[in-house]
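The chain below stands alone and is given as structure tokens, in the form predicted alone.
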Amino acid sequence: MIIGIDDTDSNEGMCTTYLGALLLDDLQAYGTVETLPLLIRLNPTIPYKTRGNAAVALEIKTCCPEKVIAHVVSRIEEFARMECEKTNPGTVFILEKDYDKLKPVLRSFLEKAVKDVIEIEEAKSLISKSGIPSKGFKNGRGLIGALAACGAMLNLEEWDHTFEYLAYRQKEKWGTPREIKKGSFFEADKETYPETWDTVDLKNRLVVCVPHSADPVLFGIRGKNPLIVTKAASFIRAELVERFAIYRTNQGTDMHLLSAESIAEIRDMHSYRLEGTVSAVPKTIHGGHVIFPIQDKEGSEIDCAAFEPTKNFRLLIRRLRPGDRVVVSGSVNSGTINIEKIEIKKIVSLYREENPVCPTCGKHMKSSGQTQGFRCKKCGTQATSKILCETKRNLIAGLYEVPPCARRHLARPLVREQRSDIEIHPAR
């Protein structure tokens, strides 16, 4: 059977992946866990999410499904932060006899949960029509993520994946400052990058794989396979770990992005890849955010933003000029694209007026007075008007990304890009 769980955490603490790691051990008493657990990130723009909007799924071979269901429900009741208004746990159980029937249905549900907006009633209706054993708490919004995670488990071969090694704190340490040796994270990165990523941010000298909230996670190492994330974790020096788990995940895959042909297609609470032409010089607004508009082939415009947390990425954005051709990737809120990546496809030529150059000595001529042209004082040569000279742009075509400290869970880091048609500039 497959077990899906979501929405047990809150902004103040807990983590659904911790419950998944706990159940990995617990469920050994009822059977055999068949494969690595899944961590599935859902639509990052949903306003009523808690923190990372992650659901988990586990698969177990068991002869006592009723006991498994009862145990999972009891663990949710024990650990979920029910006191939080935004915490509405849900769990579902897909029995093996229903795998073939539900595989395509839940594949579509997974896609929609990551790219679109799903209402609670849609999840409850699917559960009812399909006869899926489930348990929702409070308004049951967690049933959405639980179903999506099960859809991911049923369709493992159909979606891109990465891995994350998650280490968890001893329970008495929850809510206290984490005790870590920062240098060990830079060492881990040095030894395993580019097969691991987003462990540290070299440019900004930050450790980015250690959370700052009161949840149970001590650190999370992301990478291309279980062996490499385990190797990276072996370099970490920190407080004692209660337990760890390696999750297969859709993090770092761009699974949330939709391709948009025009701005007319774009809606809030969705994420897109959109090509357009820069139509105004980027401007820096209060708070250090950098905003610029792009125009599609139909003449419609939309604002794009590199917000202050993207740090040095904003320097690149400030170099854009009207006429530059770009492809932006990111999520949309309040009619603005929050840039995660940008492909600069074509850089427009810019020109400035200069005094003409003397063909004899090579020096710039001086003005002879209003409407009197230009003259070289040394050689006596003359010219009637200024000349246009191309301005050197401090910008090259290529694919760029925000730094690791500003990376969204689902955004695919450029170290995972396989393209050979464009220069790639990974952020470090």
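Numbers follow the displayed sequence, beginning with 1. Worth saying up front: this structure is predicted, and the values here are computed from it rather than measured.
What comes next is about the form predicted in complex with a small molecule, which does not appear here.
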Within 4.5 Å of the small molecule in the predicted bound form, do T8, K49 and R141 each have at least one heavy atom?
yes
Please identify the residue among L102, I266, V117, V210 with any heavy atom within 4.5 Å of the small molecule in the predicted bound form.
V117
Check each of V402, C376, A54, I60 and return the one that places a heavy atom within 4.5 angstroms of the small molecule in the predicted bound form.
A54
Heavy atoms within 4.5 Å of the small molecule in the predicted bound form: does A306 have any?
no
Is C15 close enough to the small molecule in the predicted bound form to count, meaning some heavy atom within 4.5 Å?
yes
So in the predicted bound form, is the small molecule close enough to K112 to count as touching (4.5 Å, heavy atoms)?
yes
Any of the heavy atoms of G151 lying within 4.5 Å of the small molecule in the predicted bound form?
no
Looking at heavy atoms inside 4.5 Å, which stretch does the small molecule contact in the predicted bound form, given the options 63-71, 364-372, 383-391, 38-46?
38-46
